[in-house]
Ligand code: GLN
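Next up: a single chain in structure tokens, the form predicted alone.
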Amino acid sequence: MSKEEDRRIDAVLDDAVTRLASASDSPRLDAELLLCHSIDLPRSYLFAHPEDTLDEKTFSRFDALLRRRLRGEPMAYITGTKEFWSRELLVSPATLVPRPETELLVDLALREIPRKAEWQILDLGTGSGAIAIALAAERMMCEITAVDISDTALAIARENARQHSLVNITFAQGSWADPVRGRRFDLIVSNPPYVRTGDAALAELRHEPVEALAAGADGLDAIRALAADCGQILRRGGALLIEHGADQYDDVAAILAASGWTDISNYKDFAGHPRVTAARQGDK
């Protein structure tokens, strides 16, 4: 096979799929998306022009991206974007890659918020702003406050809000509820760190910010902080929604109950795993 034939789109993709087979659960999709990113054209172009030949510069750019993926770097960091709640968001190594299961948290929050409500809503540990942006877009009359300790993550979140023309989000830097003490919210949502510090899974997640993943020996330090502090800033009867690990529901419920929360219930994600716990701030 000639060098020109090696650089045909179909040949380049076939080779990339073979190389990615051991590094990705979706090697064909990854290869196509990386090539689209390299040539700055939609996937439809690949299907319509499989015989096109990549020039040297484009091929080198694609090969560099492919090598990053082979080293385990998430696709979202390589392309700089990730879809969440049908919206494309900017992401970077300063933020977690939004997961599909987190859409359950958004769905549950939207069930709580009346369509014409003018609520104050708080997103703690906003990261890329995925949850806050989804809620702000779906409930335009609500005011969303998004908090994160990382100024780099907040810069990404602000840009995502700007790109989606959302003016009902404000951002604050600080640790959990610290930046909003003295205020009152109708609903609080959070996808906090919940991985155990010694969990072997952290090695597989090495490209993502460890401070947004790990939360102490049992993975529950951040959730303890939420349980202790959020009751002071949530209106009576308001709900707190927390995402957590699939095996943590009993511990999360116990932590919430010990802090005086009531009506504690759990919801399963699309894979059937316990994923989000809701609790209410009742009269004490």
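From 1 onward, residues are counted along the sequence shown. This is a predicted model, so every value here is computed, not measured.
Only in words, not in the display: the form predicted together with the named molecule, which the text now covers.
Trainee: Going by heavy atoms within 4.5 Å, which of 177-185, 144-152, 96-104, 111-119 lines up against the named molecule in the predicted complex?
Mentor: Careful reading of the contacts points to 96-104.
Trainee: I'd like to check something about L205: if you look in the predicted complex, is any of its heavy atoms closer than or equal to 4.5 Å to a heavy atom of the named molecule?
Mentor: Yes, L205 lies within 4.5 Å of the named molecule in the predicted complex.
Trainee: Can you check whether P192 is within 4.5 Å of the named molecule in the predicted complex, heavy atom basis?
Mentor: Heavy-atom contact with the named molecule at 4.5 Å: present for P192.
Trainee: Any chance M75 has a heavy atom within 4.5 Å of the named molecule in the predicted complex?
Mentor: No, no contact at 4.5 Å.
Trainee: Contact with the named molecule in the predicted complex for A212, defined as at least one heavy atom pair within 4.5 Å: yes or no?
Mentor: The answer is yes: A212 has a heavy atom within 4.5 Å of the named molecule.
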